[in-house]
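The chain that follows stands alone, in the form predicted on its own, written as structure tokens.
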Amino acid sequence: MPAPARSRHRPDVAVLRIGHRPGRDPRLTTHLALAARALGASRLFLHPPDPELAERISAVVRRWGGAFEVVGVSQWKPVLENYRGGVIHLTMYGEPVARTIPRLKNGRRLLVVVGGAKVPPTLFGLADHNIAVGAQPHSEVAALAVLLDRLLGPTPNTRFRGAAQRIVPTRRGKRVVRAGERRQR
């Protein structure tokens, strides 16, 4: 029996990071943005805004390509209320990810909300889906990576448009090719 045809539809996924603490959380939020970009999200709404972090991610996009952007927002609630698409809250208290993925794959636009240490209780009621990758304490970066991988599938390629450089996958060592170069390092 042949395998079922895989849908080519990939929803546009944005991420909303609430509760970022500039000066205190830059590494964690940077990793969240990098994972979101690499695994297929189109943008990160960052609450509260952190222009320095946004510029660091923009530099990554300029160097490695793609169309990912960081948008600073002073209030997170209007982003949810005005978003035209499904809202997913990643929380260890939600429904198991495996149970909800089939419904989410049909969405055209999805907003994944990733909170910090203390999430406002109202968020649970504002989200269309409260989803858990595990009912144990875990990293929000790991949770986002698992969700995006299951939702969007394996990263389709390692080349992003407009890249100034790209990695050539190798079994051992490192190879980076700059735009316009033919030889590999």
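Everything quoted here is computed from the prediction, not taken from an experiment. Throughout, we count residues from 1 along the sequence that is shown.
In what follows, reference is made to the form predicted in complex with S-adenosylmethionine (SAM), a form of this protein that is not presented.
(message) With a cut-off of 4.5 Å between heavy atoms, is P137 one of the residues that contacts S-adenosylmethionine (SAM) in the predicted bound form?
(response) Heavy-atom contact with S-adenosylmethionine (SAM) at 4.5 Å: present for P137.
(message) When the contact criterion is heavy atoms within 4.5 Å, does V71 count as touching S-adenosylmethionine (SAM) in the predicted bound form?
(response) Taking the distances in the predicted bound form, the answer for V71 is no, it never comes within 4.5 Å of S-adenosylmethionine (SAM).
(message) Test of understanding: in the predicted bound form, would L44 fall inside 4.5 Å of S-adenosylmethionine (SAM) by heavy atoms?
(response) No, L44 is distant from the partner.
(request) Please check if V133 has a heavy atom lying within 4.5 Å of any heavy atom of S-adenosylmethionine (SAM) in the predicted bound form. (result) Yes - in the predicted bound form, heavy atoms of V133 and S-adenosylmethionine (SAM) come within 4.5 Å of each other.
(request) From the candidate stretches 125 to 133, 60 to 68, 47 to 55, 34 to 42, select the single one in contact with S-adenosylmethionine (SAM) in the predicted bound form, where contact means a heavy atom within 4.5 Å. (result) Only one stretch passes the 4.5 Å heavy-atom test: 125 to 133.
(message) Counting only non-hydrogen atoms and a 4.5 Å threshold, tell me whether M92, G115 and A143 all contact S-adenosylmethionine (SAM) in the predicted bound form.
(response) All three within 4.5 Å in the predicted bound form.
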